[in-house]
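Given next, in structure tokens, is a single chain: the form predicted alone.
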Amino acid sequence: MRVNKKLLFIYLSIIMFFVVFLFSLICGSSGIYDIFKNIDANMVFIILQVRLPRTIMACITGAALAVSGCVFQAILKNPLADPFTLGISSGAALGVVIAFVFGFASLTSFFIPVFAFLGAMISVLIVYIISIYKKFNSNSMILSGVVVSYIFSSLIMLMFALSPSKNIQASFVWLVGNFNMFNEKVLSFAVIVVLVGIVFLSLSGNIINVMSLGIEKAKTIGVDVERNVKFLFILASFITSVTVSVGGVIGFVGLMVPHIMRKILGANNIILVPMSGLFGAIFLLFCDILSRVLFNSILIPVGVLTNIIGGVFFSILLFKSRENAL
């Protein structure tokens, strides 16, 4: 009996998701199985009010970033396209820094995700306007995103140089991606938006496949490439903006996860898009668990771990590609 390896991988990934989800609930800074040490009302409160929201936030953030990265790479035909290279993350970062530097964050924590979301959407709008003049050429979209990222990053550095140290420290913790300080009041909204967005993007897998054949072939089939690129770009940018505004700037998930899934499952976006979301949730959950248990009571920002793992991963890929070239 021949085993379908891709189908087996999908089943194993679903099982892995539930296992990692459970581990995220029972793992704490005082130990991997601290739930079994003292099961009481306090522990139940910690699981339901602290770890469960954090776990859900990690799931939707990882899924949104991975799905968005997968869609960006497909419609722009560029394996380096992700929320970072398109300027979305830098826009959110600038919005948060403005909220801290000008004192809005001290008024209420609700201003942090609001300013982050506005910054991300302004960045998306700038890239979108530039891309209209270039008729949504993939290279122009990538380049405009990189330019916006550099400009916004420079503005962040300028505000850091002119701000009190306490504002710098508070905003820096958010900038590296940190689930320790997300606003739980906006979690329900983020979950609904991300899940609806992922469903729409997953259902668009067949359209993305047709678009990958080229503009002329897609037109003969009846697919309006430019209109679909606009829709997919805006939707993927929107769900990314929502998650980044709540959970902070987390790198490499949208770049690395689709790359891994494409190697394992192939380029069929009907399967690739939803599986990127599932594996993105697994990966970020795993990183969040590590951030809690690696150094006992010290909680590491999850974005630090994703950057380290992503950097090592692509370094290995570069060495392997060089060996194959030789």
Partner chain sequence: MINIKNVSAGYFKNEQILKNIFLNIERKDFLGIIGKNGAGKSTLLKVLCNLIKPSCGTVCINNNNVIFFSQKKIAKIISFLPQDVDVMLPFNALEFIMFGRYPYMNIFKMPSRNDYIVVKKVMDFLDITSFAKKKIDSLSGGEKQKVLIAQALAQETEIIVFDELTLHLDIGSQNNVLRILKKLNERYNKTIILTLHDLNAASEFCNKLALMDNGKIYSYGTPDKVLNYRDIGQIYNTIVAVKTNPISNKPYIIPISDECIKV
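Positions refer to the first chain, counted from 1. All values derive from a computational prediction rather than experimental measurement.
There is also a form predicted in complex with its partner chain; it is not shown, and the following applies to it.
So in the predicted complex, is its partner chain close enough to residue 109 to count as touching (4.5 Å, heavy atoms)? Contact check for residue 109: no, nothing within 4.5 Å of its partner chain in the predicted complex.
Just checking whether residue 270 would be counted as a contact of its partner chain in the predicted complex - the rule being heavy atoms within 4.5 angstroms. Yes, residue 270 lies within 4.5 Å of its partner chain in the predicted complex.
Contact with its partner chain in the predicted complex for residue 51, defined as at least one heavy atom pair within 4.5 Å: yes or no? So residue 51 does not count as contacting its partner chain.
Would you classify residue 153 as touching its partner chain in the predicted complex, given a 4.5 Å non-hydrogen atom cut-off? No, residue 153 sits far enough from its partner chain in the predicted complex that none of its heavy atoms falls within 4.5 Å.
Answer range among 203 to 211, 110 to 118, 185 to 193, 242 to 250 for contact with its partner chain, defined in the predicted complex as heavy atoms within 4.5 Å: Heavy atoms within 4.5 Å of its partner chain in the predicted complex occur in 203 to 211.
Using a 4.5 Å heavy atom cut-off, which residue among 125, 132, 162, 221 comes into contact with its partner chain in the predicted complex? Checked against the cut-off, the match is 221.
In the predicted complex, the one of 74, 141, 148, 256 near its partner chain [non-hydrogen atom within 4.5 angstroms]: Flagged contact: 74.
What residues of 237 to 264, in sequence order, lie within 4.5 Å of its partner chain in the predicted complex by heavy atom? Residue within 4.5 Å: 262 only.
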